[in-house]
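In the block that follows, a single chain appears as structure tokens, in the form predicted on its own.
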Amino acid sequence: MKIRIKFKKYGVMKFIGHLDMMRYFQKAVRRAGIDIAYSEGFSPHQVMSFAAPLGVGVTSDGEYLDIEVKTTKSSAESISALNSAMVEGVEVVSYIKLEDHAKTAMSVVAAADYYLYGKSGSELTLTLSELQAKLREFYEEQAEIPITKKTKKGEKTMDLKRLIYEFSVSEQDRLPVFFLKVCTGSTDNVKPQLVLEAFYKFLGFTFEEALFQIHRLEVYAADENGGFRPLGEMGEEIE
């Protein structure tokens, strides 16, 4: 039986890297008494995969992992059992059953939403209306946004615009707050800080990542209508 778990990551746990989070959940699943399935062979391991690794220092309301179980309790009981095994900074919010033929979250991820909250020192010499006008000029009025991205094989030039689905800016306590929906997945993947770095370069400023708290809101799969569907809406709760 395929199960998709959604969880939040916040507080000091944002400093825990992806590999350590995998090991953390392997232990938490055992402590919670989840009847997880194991692979076959000489070195069996829990059948578990994460949708999209989260960068160190990034918080989130929408992280996903898929597991396979032999038997299961209800969604409510399983959520309660998992949260009883969690430390502060990780909270399971949903536990749903997937169809038998469903693809893993990792293989269907297509987009993700982010907020980038400016910290003290991130203030710009532009008013909010001026910043919004510049963002429209950067994102909506340009046919392309060419950038040079560093990869393991060197550098490559890419059009950033086709990987940005939504981009807006607001203000909170006179500090900038940027919203982004960007392409996420194994084929094309763009980090929100890369978009903001390109925008700041367009403005004539230097982007300092340390002056922003990055928060992921949700992760999506592409739907048949050309839109996006949250990964947590692709199954059903267990009664």
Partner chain sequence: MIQLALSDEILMAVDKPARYIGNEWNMVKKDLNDVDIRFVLCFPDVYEIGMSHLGIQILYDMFNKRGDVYCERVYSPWPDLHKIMKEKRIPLFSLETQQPVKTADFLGITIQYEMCYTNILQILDLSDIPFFAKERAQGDPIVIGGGPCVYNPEPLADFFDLFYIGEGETSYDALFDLYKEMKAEGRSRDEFLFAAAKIPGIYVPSLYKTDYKEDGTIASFGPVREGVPVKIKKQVVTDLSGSVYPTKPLVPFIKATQDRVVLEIQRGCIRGCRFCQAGMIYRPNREKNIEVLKAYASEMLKNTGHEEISLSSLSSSDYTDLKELVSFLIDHFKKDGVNISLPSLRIDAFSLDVMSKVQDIRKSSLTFAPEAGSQRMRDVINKGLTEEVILDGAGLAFEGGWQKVKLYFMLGLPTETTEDMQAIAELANKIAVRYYEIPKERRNGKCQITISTSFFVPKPFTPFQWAGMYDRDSYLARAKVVNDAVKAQLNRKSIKYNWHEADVTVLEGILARGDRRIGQALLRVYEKGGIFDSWTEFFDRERWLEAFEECGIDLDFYTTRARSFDEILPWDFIDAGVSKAFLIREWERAMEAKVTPNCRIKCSACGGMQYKGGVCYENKNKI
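Numbering follows the first chain given and starts at 1. Keep in mind it's a predicted model, so treat the numbers as computed, not measured.
Below, we turn to the form predicted together with the partner chain, even though it does not appear here.
With the partner chain omitted here, the record of contacts in the model of the complex names 51 to 59 of 196 to 204, 166 to 174, 51 to 59, 179 to 187, defined by a heavy atom within 4.5 Å. Screening Met158, Ala110, Ala85, Leu126 for any heavy atom within 4.5 Å of the partner chain in the model of the complex leaves a single hit, Ala85. Residue contact with the partner chain in the model of the complex: Lys14 places a heavy atom within 4.5 Å of it. The partner chain is not shown here, and in the model of the complex it never comes within 4.5 Å of any heavy atom of Arg136.
Interface residue remark: Gly118 is not counted as part of the site for the partner chain in the model of the complex, having no heavy atom within 4.5 Å. The partner chain is not drawn, but in the model of the complex it has no heavy atom within 4.5 Å of Phe228. In sequence order, Lys27, Arg30, Arg31, Tyr38, Phe42, Gln46 are the residues of 27 to 54 having a heavy atom within 4.5 Å of the partner chain in the model of the complex; the partner itself is omitted from this view.
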